[in-house]
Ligand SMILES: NC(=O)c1ccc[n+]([C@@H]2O[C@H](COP(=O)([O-])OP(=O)(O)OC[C@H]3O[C@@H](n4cnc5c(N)ncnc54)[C@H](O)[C@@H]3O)[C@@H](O)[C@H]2O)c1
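Taking the form predicted alone, here's one chain by itself in structure tokens.
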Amino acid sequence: MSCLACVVGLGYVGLPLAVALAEAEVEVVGYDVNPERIAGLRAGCSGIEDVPDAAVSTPGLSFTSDSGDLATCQAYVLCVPTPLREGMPDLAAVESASRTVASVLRAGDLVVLESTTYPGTTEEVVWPLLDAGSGLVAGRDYLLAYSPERIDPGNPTYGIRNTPKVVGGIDGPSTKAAVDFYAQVCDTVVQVDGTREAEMAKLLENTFRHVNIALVNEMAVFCRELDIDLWQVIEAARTKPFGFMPFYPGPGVGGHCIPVDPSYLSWRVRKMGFTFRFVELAQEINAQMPSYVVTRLTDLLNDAGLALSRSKVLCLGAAYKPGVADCRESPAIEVMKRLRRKGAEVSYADPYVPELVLEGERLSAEPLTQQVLAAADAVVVLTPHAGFDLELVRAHAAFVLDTRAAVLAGDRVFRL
């Protein structure tokens, strides 16, 4: 199945998909409402770590912010943001994208929503907008499906091609059309009965991770009080060849998925009059971890005869995970904010984030050198990028609070 495809939204999800389709010799139009984004792509600048600049010049791939350029497309994939606003899903971008597609939709076309959201969004939000704006009827005149994005930024092992793709349509023909579409770029396409099952699959994946991370984060607090090395416990437990999957503690959870996706489900469940207690407890525990990191650092400084309010603290990592520049919901940022509020002089190093704005003040990343390390009263490892020389850190830092167990243990290295 080769057709003129349109990918709506050219961020971390949409751009890799657009490139993958073009590399599979599908003619692709990438659409984004941000004209500056389009200008950058047309100039050969990807702006996404996982997509090389050269890839945006793949033959058959073009970019536009003019919806009129989409009129000849046969397949539309919506990859737009779905943030939370005051605990509620904000579907403004999904609604806008749906109206844009509806204005050019023709009989026989396929529309797929990839944006993560609560179960029922495809049927209750996207479907009515497409029907109303196009004068067509889904399931009769055009095809409609949901397929959750499974992009993992910075993952060198799994990408679009070798990550199984879940697909569910509003009916059999819609599901088949979506399966055939994704089979062009995915080795394995997993078919489910409908859009709600596909929507829920994504939420289950990330809720599972959210809850288990909260479990080990809470255990980290208790194990410290019990004088137990949790990292050693996890490594011992993972030797069991069945029934156990290792999760690791840290300064919190970040990115657009794990801190946000379970809230879509919790919000939907609350609308039904129920409480999703696992999710809400996990959110509470993980949200407390930046504060716990600051408390641990305060105690360690006190033991060294220093006050946090008069200390220079170097934070290693600002991004929410190693290997990316994405700072969305990053617990590292929250730790830095809390340290500053306590009066600490905060600096940071991150090869992927050269600058950041922290509570109105612009900071530049420090080079990770012996001199920078020696100038700090304490170093906090928050995001262990592969480019960090952690042996240098171990050798020259006054002491290290390692929230990720990345630094080799030593007399001046303390784990979370």
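Position 1 is the first residue in the sequence shown; the rest follow in order. This is a predicted model, so every value here is computed, not measured.
The protein also exists as the form predicted in complex with the named molecule; that form is not presented, and the subsequent description refers to it.
With the partner left out here, the named molecule still marks one of 380-388, 33-41, 54-62, 343-351 in the model of the complex; by a 4.5 Å heavy atom cut-off that stretch is 33-41. Taken together, the three residues V13, A97 and S115 all lie with some non-hydrogen atom within 4.5 angstroms of the named molecule in the model of the complex.
For the chain shown alone, K202 is a contact residue for the named molecule in the model of the complex, at least one non-hydrogen atom being within 4.5 angstroms. By the criterion of a heavy atom within 4.5 Å, G159 is excluded from the residues contacting the named molecule in the model of the complex. For the chain shown alone, E149 is a contact residue for the named molecule in the model of the complex, at least one non-hydrogen atom being within 4.5 angstroms. When contacts are judged by a 4.5 Å heavy atom cut-off, P322 does not count as touching the named molecule in the model of the complex. None of V293, C79, M336, V253 but one reaches within 4.5 angstroms of the named molecule in the model of the complex through a heavy atom, and that residue is C79. The contact with the named molecule in the model of the complex, taken as any heavy atom within 4.5 Å, belongs to R328 out of R209, R224, R328, R270.
Within 4.5 angstroms of the named molecule in the model of the complex, the stretch 237-270 places a non-hydrogen atom from each of H256, C257, D261, taken in sequence order.
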